[in-house]
Every structure is written in C-alpha cells, then in structure tokens.
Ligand code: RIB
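A single chain, nothing else alongside it, follows as structure tokens in the form predicted alone.
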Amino acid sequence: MIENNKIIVVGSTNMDMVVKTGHIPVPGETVLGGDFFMNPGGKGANQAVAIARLGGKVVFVSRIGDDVFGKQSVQLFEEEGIDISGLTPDGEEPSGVALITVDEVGENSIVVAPGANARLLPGDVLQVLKKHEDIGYMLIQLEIPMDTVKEALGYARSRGIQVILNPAPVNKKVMDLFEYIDVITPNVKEAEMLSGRNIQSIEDAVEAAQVIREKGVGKVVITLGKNGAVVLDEVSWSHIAAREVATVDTTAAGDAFNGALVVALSEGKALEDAVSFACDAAAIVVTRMGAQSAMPYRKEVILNHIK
C-alpha cells in the first residue's frame, strides 16, 4: 500500500543578497547600510528546506542557472536530504537573484530577478509528477510562470493530490485557478488584493477569507505576522495566536509557515493544529537572519510548540 504523504514543492530557487540598514529607502533616497551577506533563498527552495528539516519527505521541482549559484544550491539541497530529481539546470539563463533590504525592526523589502525560474515549464513539473505515484501534497508559489502553475494544479487535481498554494508574489490571475486549490495561504497584503477588502483587524481578515473562499478555494489561511493567522474552512473560522518573540528578520517567515503547514497536514493533523505548528515554526525564523539558514529543525519547533 502506498502512503501518500510525500510532498512535492514546485517553485523558485534564488540567491539572496541581503543588506541590513536603519530603514528601508523610499524612492530616490540613498541609504548607507550595514552588514551584507549572501544566503540561498527563493520561496520554493526555502519551503523545501523547511519541509526537509521538519521531517517531511520532499521532492523539489525548480530550474536553476548553470552557474556558481546554481551549483551551490544543488550542493545545499543534497546536504538537506531533499530529492532533487526535479531540478533542471538551464544553460541560457542565470540563477535567480533576490535583493533584500532589512531594517532595524526586521521588516524587509525584496526585489527579485527571476532568471532561470521564469523558464520552469509545465513539462518540467509533469515529468516529475508522473515519476512519483506516492505524492499526496503539493506546495506551490507564484515566482514561476502562471502557465506552469496552472498545469501543475490541474494535474494535481486529476491525481487527488492536496494542493496548498502560497500566493506570493500575488498575481490576480491565480483567481482563475481557485477551484484547484485545497488550501490557500495569503498574507494580509495578498489577501487584500485577492478579496478586495481592507484588513485592519481579525474580523476584517475573516471577512476577506470568506470572500476568497466564496470564489472557489477549499480552505483559507490568512497569515497575520505577529498576530498569528485566521483559518476558515467549510464550517467555521478560528484565530490562531502567534508567540511573542524579538523579531530580527521577517524574510523567510512565510516560507517556514508554509513548509511547516504542509508537513503537519501530511502527518494527518487537522488544519487548525497544522496552522498552530506553522505559527511556531515562523516564530523561530523571525528571530534569525537569513532564509534557508534560518529554517528551524523539527525538535526546535516541537519544543516551542509545547511551551
């Protein structure tokens, strides 16, 4: 009997170039920054690393440049124990790059040059899906072409694979695919764009989640940063509180949340319990600098979860 608890992550791989600064510059302003470092990132890669560290079985599908950043990414994925049979080197485009500014309270501003990520094709994803009959969950984001997202979601639905979509960076075209999504996980800004509602409170988030769900999504989880998350299923809604921590860098908090969420779901946890686990994972990440390097290990989240 096949246990359908394997997770496929379809998404981007980037090299993050991060500068710490007092505040994020406004248009036309030059700011003298502080520390600079490079860290492997990309929403897909971050989420794949999070899943692996949290004990999930993960296959990662992405496209990387045939360059030093791409080679470094492959090495790191192998060290994390990620199945990289779906990783495709691209001989024409460089690896993706993200330019990240982090201010003194840990908030960030990000600009991404997608590079090879923009050439991740539907066939790249379908080829991997057809090789793995034991995939039960798909986690996907929007740093790759929408045509690829559409084909992946359609195939997942035909196979009965549970789809968790992190709509980042937000793209209104994803609303045409809502019927294929089991769980959608927007943050506040993404939820506002997808619902057309302004979110200033928990009640506003619930209303926005209801609007999104009425458009065809199975379940909605809106992440609220330090205020936790709102969960809406077919029957009711709930608010999951986040732990109070000293925030250093919010860069990969959403990726840790999504990775932890799908791991918990793949283990049979109810959505509310999975969201609580995901909030605890994200709370650890914001206390650290970086993206993949900041992802917590399972024992850390479990210890945080039972406090």
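When you see a residue number, it is the position in the sequence shown, counting from 1. Because the structure is a prediction, the values reported are computed rather than measured.
Form predicted together with the named molecule: not shown, discussed below.
Stretch-level contact analysis of 107-115, 198-206, 232-240, 184-192 against the named molecule in the predicted bound form, using heavy atoms and a 4.5 Å limit, identifies 107-115.
In the predicted bound form, at least one heavy atom of Ile100 sits within 4.5 Å of the named molecule. The named molecule is not shown here, and in the predicted bound form it never comes within 4.5 Å of any heavy atom of Ser266.
Among residues of the shown chain, Arg53 is not one whose heavy atoms approach the named molecule to within 4.5 Å in the predicted bound form.
Although the partner is absent here, Asn46 is a contact residue: one of its heavy atoms lies within 4.5 angstroms of the named molecule in the predicted bound form. With the partner omitted here, the residue from Leu261, Ile64, Ala252, Val58 that has a non-hydrogen atom within 4.5 angstroms of the named molecule in the predicted bound form is Ala252.
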